[in-house]
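Quick heads-up: it's one chain on its own, the form predicted on its own, in structure tokens.
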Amino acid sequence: MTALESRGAERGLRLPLEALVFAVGLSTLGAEIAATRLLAPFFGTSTVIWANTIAVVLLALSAGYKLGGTLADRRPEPRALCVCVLVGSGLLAVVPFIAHPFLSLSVDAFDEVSVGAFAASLFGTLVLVAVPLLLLGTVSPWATRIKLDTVEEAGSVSGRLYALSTVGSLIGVFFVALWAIEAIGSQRTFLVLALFPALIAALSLFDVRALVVPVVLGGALFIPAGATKPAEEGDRVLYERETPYQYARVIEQEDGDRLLELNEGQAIHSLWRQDTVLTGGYWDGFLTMPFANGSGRPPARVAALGTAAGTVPRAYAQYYPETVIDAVDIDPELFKIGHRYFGLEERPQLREHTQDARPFLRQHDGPYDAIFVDAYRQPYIPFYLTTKEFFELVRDRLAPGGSVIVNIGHPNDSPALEEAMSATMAAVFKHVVRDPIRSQNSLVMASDTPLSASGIANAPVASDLKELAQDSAARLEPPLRGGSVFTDDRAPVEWLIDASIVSYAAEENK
């Protein structure tokens, strides 16, 4: 087909090719953001997962550009291009419906060969989104070939089309990240991203057969999303939502206990039990461990970094009602969940801050008698809350005699993360101790004031906390040794526990 013939064919379209290029640009980058939300319940949302998602999208688009150039030279026909977009859009719409069963099977398979979340998530993303994005990636070079009249205008035509595609991508990113995921969920977000280019392609052709695709995709928007992750037998899902930051769900067990899970659910982030604020979990340790500094009194002011649904502030409200707590969490939805499902009550001594932990400390001088760090967002601690520079900031915000207590998880009984954290805290504070309160959790405490088990054992606590204090005092011991000091420049937190993601997800599927 000559340039004149291809231009004549383009004039047969009801919409300009620019509209199709823009729509596809919006869809492809929007799908990249949405894909991470499909992976989050299985692998989390660490930088490892983001790197894999970005890599797969770039690989698919690169292959699409190459394929699009080849097809453009063979068939510089708008109709063929629109058909390719319809097929790619249809495949993109299928992704959220097959994601859960496929990812469930993949984590089982990769766990069998002890492969971590890096490889497993790379494979999962590749299978789910590579093919539809490859087909959509053919659009820009293909449209450029169709639009060209002469070689002399190649630069201006290609520049204009790629600029439109990039603007579409920018809008797609903000559309998904700032509105769609939270407002309509992952399933409908994928359907909208598939519907937009399919509708433009079908209207461009104005063929009844082509209109079937956007009509079907539009109808699929009415399919109920259902539970992203079904509850185990005997439990029920009270609430689930994809917040701007993570996937969150509340589970009620047969005995009435309520659990807050985030993303792939490897850790329980809050626990509620009827008729008691005590949990039998690591949260209870925050009630007695601050007495290790020998002050003989509960902390007057606390910063709780990573409050989740408020298990610790709720307990403090009962046992130490005069303690002022600055409860900090980056996700405002978790405070709402806490008030609705976990008994978190508004009171003058509780101040809720929707903010990331480290910027919060920079902006609030304190001083605090205790700072609690429980800011897990999967099994990962955000790296910037593990570094020497972070703990120097913590020390600056503590009152004389104040302390910091960090909940450190060690999945699969691996001590590597706790060793590194202990070394980092010891590089800043004079005294560090640990309470291995659970098989997969340790509370590590640091202060410039000497810390002792006798301070906990002799703490003036309520009668129903006496046994808890005695047990904590009996467990108190020196920190683990052998770890490297983490800094803002180098803190490989995520790689230390990468394999545990897949192992846990596989156990959940059994």
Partner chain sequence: MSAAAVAPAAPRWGFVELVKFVSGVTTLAAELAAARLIAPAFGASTVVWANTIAIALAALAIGYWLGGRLADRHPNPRAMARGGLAGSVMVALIPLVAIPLLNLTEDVGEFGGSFLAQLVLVAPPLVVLGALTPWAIRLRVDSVAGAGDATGRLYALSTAGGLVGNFAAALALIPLVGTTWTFIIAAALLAGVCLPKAWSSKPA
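Predicted, not measured: the structure shown is a model, and the values here were computed from it. Basically, rigid core = biggest C-alpha set you can superpose within 1.5 Å across the two forms. Residue numbers count along the first chain shown, from 1.
Omitted here: the form predicted together with its partner chain. The next part is about that form.
Residue contact check for P141: one or more of its heavy atoms lie within 4.5 Å of its partner chain in the model of the complex.
Residue contact with its partner chain in the model of the complex: D284 places no heavy atom within 4.5 Å of it.
Heavy atoms of S169 reach within 4.5 Å of its partner chain in the model of the complex, making it an interface residue.
In the model of the complex, G69 approaches its partner chain with a heavy atom inside 4.5 Å. Here the marked residues A267, A416 and A420 all miss its partner chain in the model of the complex; none has a heavy atom within 4.5 angstroms.
Proximity to its partner chain in the model of the complex, defined as a heavy atom within 4.5 Å, holds among A51, V461, V485, A474 only for A51. R160 is the sole member of H100, R273, R351, R160 with a non-hydrogen atom within 4.5 Å of its partner chain in the model of the complex.
Between 195-203, 175-183, 338-346, 214-222, the stretch whose residues reach within 4.5 angstroms of its partner chain in the model of the complex through a non-hydrogen atom is 175-183.
Contacts of stretch 138-163 with its partner chain in the model of the complex, defined by any heavy atom lying within 4.5 Å, are made by S140, P141, T144, R145, L148, D149, T150, V151, E152, E153, A154, G155, S156, S158, G159, R160, Y162, A163, listed in sequence order.
When the rigid core is held fixed, the Cα atom of D396 travels less than 2 angstroms between the shown form and the other one.
In the core-superposed comparison between the shown form and the other one, the C-alpha atom of D149 has shifted by at least 2 angstroms. Superposition on the rigid core between the shown form and the other one places the CA atom of A462 less than 2 Å from its counterpart.
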